[in-house]
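Only one chain is included here, represented as structure tokens and corresponding to the form predicted alone.
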């Protein structure tokens, strides 16, 4: 166990070092663009998993919180004339607005059980998309243009990259703390058997609602950072139904309810999707990702990391049995000798 912890700690240090030096080694703007998008999906997938993966309530409406944070940033940056590093100060406010939106959404949607909850979150998503397309404050279908940050063109992406990296690290650390806490235990109890959890004294509604609000807060900050980076806010991109599907796919790919699973899913799938988009025309990349989602659900329902851990445990058990067996003795003979010794 100590060796495993040491190996994990070493791997984490290496990963953090790679993240720290990435924009210094890969100075191509396309590479850092891919990296920023990937880190943003690490943030959102981990935040989504903090609610849906821990509680079992699968949300297909997190784009509501992502888009809320994005539009708050767009409106506030223009109206308050905030630009450059000063605009980054709006990120917590964008998260707070998204969290406030999550309160009425949660009070309505979390009154039902899981399958109906999925449908209600989809309905909220389309309501938000229609509202953004028709309200004057969002610019309607014409969208909003944000002030361009006065960063040097050669290193324009770097401030966004490092801020996204910090948010990603903090989000993953928070998810780890939540999972190991009594609060996280309550969420997992709700996931396993909500009625039994309530019978054991878990206040299921406040626990679920607070998890949704926390997830929305982080997702709103990620949306604000993303829209400030791209510089425009249009309803069809800010409230994108494929966004929710991508986040869910990332969590399922790596391992739903784990800490490292959504991170792995984002690190693998988002760069792959970006690369496929550049290599193909039309909707081939979306079709391929839809097929990948079906493959994962059918053949890896627990995700890559839990499945790999299961096979690793089985392999270790087989090796342990082989070490216990004397040379030349068959497995059946070993079982008979164990049975004889236990009877004696």
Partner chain sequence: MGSEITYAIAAGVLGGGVYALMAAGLTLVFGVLDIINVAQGILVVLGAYLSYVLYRHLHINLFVGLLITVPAMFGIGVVIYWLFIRPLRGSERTSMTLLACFAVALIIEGVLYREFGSNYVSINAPVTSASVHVLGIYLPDIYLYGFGLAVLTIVALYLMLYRTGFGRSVRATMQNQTAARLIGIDVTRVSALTFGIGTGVTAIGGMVYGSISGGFTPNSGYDLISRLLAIVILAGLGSIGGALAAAVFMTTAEALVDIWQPTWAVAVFYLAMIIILAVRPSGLFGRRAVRAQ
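A quick note: this is a predicted structure, and the numbers were derived from the prediction, not measured. Residue numbers count along the first chain shown, from 1.
Keep in mind the form predicted together with its partner chain is missing from the figure; the text below concerns it.
The stretch in contact with its partner chain in the model of the complex, judged by heavy atoms within 4.5 Å, is 111-119, chosen from 70-78, 160-168, 111-119, 85-93. 131 is the sole member of 205, 131, 173, 137 with a non-hydrogen atom within 4.5 Å of its partner chain in the model of the complex. Not one of 311, 315 and 319 is positioned with any heavy atom within 4.5 Å of its partner chain in the model of the complex.
Contact check for residue 58: a heavy atom falls within 4.5 Å of its partner chain in the model of the complex.
The closest heavy atom approach of residue 248 to its partner chain in the model of the complex falls within 4.5 Å. Within this chain, residue 256 lines the site of its partner chain in the model of the complex, having a heavy atom no more than 4.5 Å away. Among residues of the shown chain, residue 126 is one whose heavy atoms approach its partner chain to within 4.5 Å in the model of the complex.
In the model of the complex, the residues of 291-310 lying within 4.5 Å of its partner chain by at least one heavy atom are, in order, 291, 293, 294, 297, 298, 301.
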